[in-house]
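In structure tokens, the next block holds one chain alone, the form predicted on its own.
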Amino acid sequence: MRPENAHQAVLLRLLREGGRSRAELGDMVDLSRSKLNVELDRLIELGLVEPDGLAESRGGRRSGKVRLSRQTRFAGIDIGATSVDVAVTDGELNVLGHLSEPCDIREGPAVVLDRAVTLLGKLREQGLYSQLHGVGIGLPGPVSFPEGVPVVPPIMPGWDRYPVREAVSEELGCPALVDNDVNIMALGELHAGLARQVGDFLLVKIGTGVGCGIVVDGKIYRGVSGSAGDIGHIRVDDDGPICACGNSGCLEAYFGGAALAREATAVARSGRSPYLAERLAAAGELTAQDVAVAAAQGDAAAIQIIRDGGRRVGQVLASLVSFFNPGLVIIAGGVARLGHVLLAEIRSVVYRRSLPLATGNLPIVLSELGDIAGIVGATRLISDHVYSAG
């Protein structure tokens, strides 16, 4: 069920922020009282909105309150390179249930999407929904948003042009939308994170890959073909290591998850980090998390790895800040858990290299949403679609 006109769509999006009185809504929209009541009554008839008691008196008769239907349910699916997260929310995008499990994107679309649908089935068994009104999906690679398909994704063999949107929509019996995972994280921050009051910002995700969500005037900027923000493949050194995309010296080849593991292994084998050497001997391989733990214990070699990576991210980000002039930069993703050593290095480079006018009042912060940024953003994406005039 969708709103029938633009007025109803505006009212639904306002109510997504929480229930309000009819009088409050009247203050927020350019509608006469009688027209407002006609549209709200129609939304109640459609089952999208429901009455919610009476508001406090503002000096006269108490105004009736309304809220989004308690039956509305959206699903978010956030597929990463090494994990899949799913969640179910109500119409206001409050997370009612969240499940996550390890999953290798290289197993292919049929296997990975089946895992996601199975996880959602577990949430249904818990009684969290009987019917979904829409599902948003994030993928760790370039996505053609109008078609709902990934396009030549470097770390996703077998996914090129796979009809993800159609397959999931058909399986779950509801509308579906697909976007790049960094874009949905940016939408999550816009809805429930540090960017709630910021119209223009950048979200830099540092995980297995490196990407950037660009928000302009409260909306995701995707570019002409959907590849805007693919900063992981900006070249930072002509003679650098080979990247997964086939080029050399990309930012991602220096500071994605695989690059961190490579650097940590080299440091461990050289004897410069007793802690990482011990972890390598015990586990057989190292991860970004091992680097974070070593740095937290004051390991000088691990701290240097983080600083080197942060410096390269800062170099790329400084150019973006001078070019785009955002109001906020959020650093997110698994590697962002390296924390304040990483943040301090990025800040230092950006503030030193960017134009003073662009950085004079620019916060650069770590995400506070963590693992739920993507799933909240995925439900924001699909709710924007459902709460728009058909």
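Source: prediction; values computed, not measured. Residue indices: 1-based, along the sequence shown.
The form predicted in complex with a further copy of the same chain is left out here; the points below concern that form.
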Handout entry: Every residue of R222, D230 and S319 near a further copy of the same chain in the predicted bound form, heavy atom within 4.5 Å
Key = yes
Practice task
Could you check which residue among A300, V111, A296, V216 gets a heavy atom within 4.5 Å of a further copy of the same chain in the predicted bound form?
Solution key: V216
Fill in the blank from the handout: Note: exactly one of G310, G207, G226, G148 sits with a heavy atom within 4.5 Å of a further copy of the same chain in the predicted bound form, namely G226
Handout entry: Which of 65-73, 48-56, 350-358, 34-42 lines the interface with a further copy of the same chain in the predicted bound form (heavy atom within 4.5 Å)
Key = 350-358
Problem - Any non-hydrogen atom of G327 within 4.5 angstroms of a further copy of the same chain in the predicted bound form - result: yes
Handout entry: Heavy atom of C212 within 4.5 Å of a further copy of the same chain in the predicted bound form
Key = yes
Practice task
Consider R235 of the chain shown here, and say whether it contacts a further copy of the same chain in the predicted bound form, taking contact as heavy atoms within 4.5 Å.
Solution key: yes
Exercise for the section: Using a 4.5 Å heavy atom cut-off, state whether L202 contacts a further copy of the same chain in the predicted bound form. Expected result: yes
Handout entry: Residues within stretch 78-110 having a non-hydrogen atom within 4.5 Å of a further copy of the same chain in the predicted bound form
Key = none
